[in-house]
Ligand code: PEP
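In structure tokens, the next block holds one chain alone, the form predicted on its own.
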């Protein structure tokens, strides 16, 4: 995003991805899961019409560049790091939280690149991750039942009828916050925020005394020394290291929002969802006959699908057939999320079914969502060891099946929160209340995220040695 490199040319060899029976509105004839119940259809139409003529948030050439990189990840040449907040808040559209999230993603990607010798695709859950699916349509307190909080794009957290009633004007606010966030991120990544010449930008801040900080800081110093040596030998400053690719993603939950920003573009075929580079379909909305699959099968973006317990091999193959009927490289990413105690039984049959069918997909592990639990005191959390266990098992399962795990999907933050237990510092349940800020799901903090990146890098490096050794 904004790296100054030549834009990919339009793909003349790809037919229009729009099927004859697909239109941007055909999803409205299908069952819609996780639907927000707006009380005023006219107000919703007015917001939709207003958004439909506003400038888009991303460009088709950025999307095509991402597709090429995801295709390379399928071949084992790149690795995908996908991370960010469980649900963005409008109030966090401020410089400090955005910088913190971008910084931890860059730090983690640097660890992965250094440890594996592979380029890393950096993809942030930001500039649009404002909606969240819920297990129940309602929430009850003291005998009063109200609509569940579905993210700032839909309603508010306050427990009152006014706050919990879905408000279509929030779709427009979400667009505005996403635009502001993207503009700021573009300025950072194109203006040298990732420049390794400035080591002070790569410091660990609150985690400087963390048990694994020495490993991380050692990597930073070795990269700086290598860069200095290369510049000495070549006699010129390597300006290329000042900029990088950075892509955005979010769960495409609100189809009104997605459709309003779906457009045709000049000199390309098909329709692009220009609200984000990479939308994904959630585990609760992946019904092959449902509205979400219907909408996203017709757009040209690369897509993700969350898959987990309860999904059979036949249904997975039906999803693949609907979402990637031409078996295109870089088109479809399967993000599995089972939980440490269920992945050993749930994942192997799916991997084997895809292998037997010979389908081109990118496999990514989401070790967060299947490992959520509630403490005795009622606090939602995740154990670091469960997250680590699911990642380790995922690597083992793919390796045993002759498959390739090509990416990791984390919920993380660049701030010093206390939401997940464990890690090198050993956060306990008693310490969760110190800085628990998430309104939906618990996230890894900076220290835990970097520790996880170091563990993944070591595993990838070990797998690479095993492969070379036969």
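Positions refer to the first chain, counted from 1. Because the structure is a prediction, the values reported are computed rather than measured.
There is also a form predicted together with phosphoenolpyruvate; it is not shown, and the following applies to it.
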4.5 angstroms heavy atom contact with phosphoenolpyruvate in the predicted complex for residue 262: no
Distance check, residue 366 to phosphoenolpyruvate in the predicted complex, heavy atom within 4.5 Å: yes
4.5 Å heavy atom contact, residue 283 to phosphoenolpyruvate in the predicted complex: yes
Non-hydrogen atom contact residue 132 with phosphoenolpyruvate in the predicted complex at 4.5 angstroms: yes
Contact residue in the predicted complex, chosen from 177, 164, 306, 118 - any heavy atom within 4.5 Å of phosphoenolpyruvate: 306
Partner-contacting position among 81, 106, 340, 86 - heavy atom within 4.5 Å of phosphoenolpyruvate in the predicted complex: 86
Contact stretch among 353-361, 274-282, 185-193, 139-147 - heavy atom within 4.5 Å of phosphoenolpyruvate in the predicted complex: 274-282
Members of 372-396 lying within 4.5 angstroms of phosphoenolpyruvate, judged by heavy atom, in the predicted complex: none
